[in-house]
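The data below hold one chain only, encoded as structure tokens and taken in the form predicted alone.
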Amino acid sequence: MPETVPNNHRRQFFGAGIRGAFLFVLGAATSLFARYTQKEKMVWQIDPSKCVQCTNCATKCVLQPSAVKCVQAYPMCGYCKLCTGYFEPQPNRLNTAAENQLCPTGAIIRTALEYPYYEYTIEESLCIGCAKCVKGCTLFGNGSFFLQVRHDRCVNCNDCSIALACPGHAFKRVPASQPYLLKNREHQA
């Protein structure tokens, strides 16, 4: 005659199985709840409509050179021969000589397209975030140059030193999933 397992062993086995299944479901539910209630990572960014081109981005960042770089909204650019973001206010000549350029590091590259149009691109590795080109472009041009925090360089300080020094209160926290605030004609000051 085959030997039978006592009833209490079966109860213990099924009880342990049910407890294990319950703990597994509880753990999975807790994990899902934690994932859905976790806040999204936030990063610092400059609102181009609030930036006053104060030059603090170049000097107040904990990094040298600054994590703030000039970028351009190409759809807004007029591709002008006399670009006020590229040239000094009263240049000696309209050529690429250093004494005629507004940028202290030569970060803006001027390329002739078709007379009288020129394309202006920013070499970000040379840009120090001084905002001289942004100020010139905003005051006398169409405002296509603006500053942005580059997140591949930024260390995302809890209290951004530039944000604390910003007189225009242009720095704000934005979701890391949408880290850039773009400039367009509707948001121009």
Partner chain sequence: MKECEKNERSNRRQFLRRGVISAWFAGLCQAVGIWPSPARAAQPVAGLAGKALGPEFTYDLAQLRKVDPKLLQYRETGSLPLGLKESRGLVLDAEDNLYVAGDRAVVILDRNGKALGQVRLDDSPRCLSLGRDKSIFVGFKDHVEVYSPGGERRARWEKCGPKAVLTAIAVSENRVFVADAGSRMVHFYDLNGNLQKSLGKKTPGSQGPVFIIPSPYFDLAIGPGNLLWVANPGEHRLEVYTMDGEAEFSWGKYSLAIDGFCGCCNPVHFALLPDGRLVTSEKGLPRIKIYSARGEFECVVAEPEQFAKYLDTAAANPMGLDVAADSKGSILVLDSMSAAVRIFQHKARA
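Positions refer to the first chain, counted from 1. Given the structure is predicted, the values throughout are model-derived calculations rather than measurements.
One more form of this protein, predicted together with the partner chain, exists but is not displayed; see below.
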Worksheet item: With a 4.5 Å heavy atom cut-off, would you call Y117 a contact of the partner chain in the predicted bound form?
Response: yes
Item to complete: With heavy atoms only and a cut-off of 4.5 Å, decide whether N142 touches the partner chain in the predicted bound form.
Response: yes
Worksheet item: Does the partner chain come within 4.5 Å of any heavy atom of I122 in the predicted bound form?
Response: no
Fill in: Distance check, Q45 to the partner chain in the predicted bound form, heavy atom within 4.5 Å
no
Worksheet item: Counting only heavy atoms and a 4.5 Å cut-off, does the partner chain in the predicted bound form sit next to every one of C70, T96 and N100?
Response: no
Discussion item. Residue by residue through 89-115, which ones have a non-hydrogen atom no more than 4.5 angstroms from the partner chain in the predicted bound form?
Written reply: P89, Q90, P91, L102, P104, T105, E114, Y115
